[in-house]
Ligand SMILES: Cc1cc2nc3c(=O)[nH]c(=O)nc-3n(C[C@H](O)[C@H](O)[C@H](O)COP(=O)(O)OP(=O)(O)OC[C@H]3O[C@@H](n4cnc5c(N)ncnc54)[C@H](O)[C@@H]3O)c2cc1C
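Only one chain is included here, represented as structure tokens and corresponding to the form predicted alone.
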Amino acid sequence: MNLDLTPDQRAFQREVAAFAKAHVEPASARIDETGEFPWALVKLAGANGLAGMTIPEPWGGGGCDYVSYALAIETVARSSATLATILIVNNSLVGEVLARFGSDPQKAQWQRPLASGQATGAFALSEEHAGTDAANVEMQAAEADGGAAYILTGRKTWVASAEGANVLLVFAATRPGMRAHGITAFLVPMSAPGIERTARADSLGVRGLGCMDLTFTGVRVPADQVVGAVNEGFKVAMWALEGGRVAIAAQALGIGQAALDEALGHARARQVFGRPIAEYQAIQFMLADMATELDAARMLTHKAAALKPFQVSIAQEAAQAKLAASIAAHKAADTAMQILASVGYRRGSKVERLFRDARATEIYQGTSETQRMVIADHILQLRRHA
């Protein structure tokens, strides 16, 4: 088993690291402080090939492998969890979905703008009663004009990137009451009449993500904007979330690695009783645990990423990666704050921001409890069929 990165993967990682150091890191504290959607930075990331990393080259994307994509997201997240999330939504939850399920006209209209950063996509699945229970979609899509169009009515919540989005991937019930067997995915321009943005309450971390609630009042969508097949939208959503969870795992690793980096620097510099605190075993054991847990989660993440092109589903592997990486990131940020003590606890410190950002990775795109449900379902099925 070869666990080394390829020369191309290492080169891409270095390119993204240089971009993050030059452009993302200087902007990260201000994004968190203001909570403003980073329009200019998103466009710059697109111009540098990060908005369409996984979109095929014929459609204007980078066509990179999923391990390279995970490396890039981890690298960006070490500087800004917010920008990393925006890129994840654009790549995994919109761009990749169009590449796999979209029609040629849909791709022709949106893939190049999405890949270049000239347009931003958002993924509208969650509702008040359809979060963990994603099949419980209440937004309705009623046929109109003899089946030539659909009328969307309902509300979506916590739509990441909605503030800056140009196009939405919206999931609505075309057969109400049928749950997973009656949901359809629609491609909807944000400019469509009848869509109202409603600002969410300020969030603890990953600030500046542009999360908003969206109300749809009689939004007319032509039937040719169905993504995939009618009533097959739940499968589309679950496929998208597999890739998204691998990417969130990578994001968590970036947050956790940044926390470890801060803790290492402080431990070497901070003197107590005439010695750097890095020389005390209590601190050494904290650092050792952080590094070990992050590396273990990184292996799971790279495994899931490497398997994605070769398996019909990586639901279990993606869930394991996200679960392990989000826990490791949370623990790393918490431990880093303990090591930095008052220096890390103060408002505005990098560790304080990382502590808040890490918590989100255990919630969005499926809570840790949801990941455990997915994992348990798969291992029980395996045992049952063994």
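Residue numbers run from 1 along the displayed sequence. These numbers were taken from a predicted model, which means no experiment stands behind them.
This next part talks about the form predicted in complex with this ligand, which is not shown.
- Across the proposed site, T132, V206 and Y364 without exception bring a heavy atom within 4.5 Å of this ligand in the model of the complex.
- Of the candidate stretches 124-132, 297-305, 280-288, 312-320, only 124-132 has residues with heavy atoms within 4.5 Å of this ligand in the model of the complex.
- Contact between A376 and this ligand in the model of the complex is not found at the 4.5 Å heavy atom cutoff.
- I195 falls outside the set of residues with a heavy atom inside 4.5 Å of this ligand in the model of the complex.
- Although the partner is absent here, W239 is not a contact residue: none of its heavy atoms lies within 4.5 angstroms of this ligand in the model of the complex.
- When contacts are judged by a 4.5 Å heavy atom cut-off, F101 does not count as touching this ligand in the model of the complex.
- This chain is displayed alone, yet in the model of the complex one of C211, V97, A267, V221 has a heavy atom within 4.5 Å of this ligand; that residue is C211.
- For the options L83, I183, V159, A165, the residue carrying a heavy atom within 4.5 angstroms of this ligand in the model of the complex is V159.
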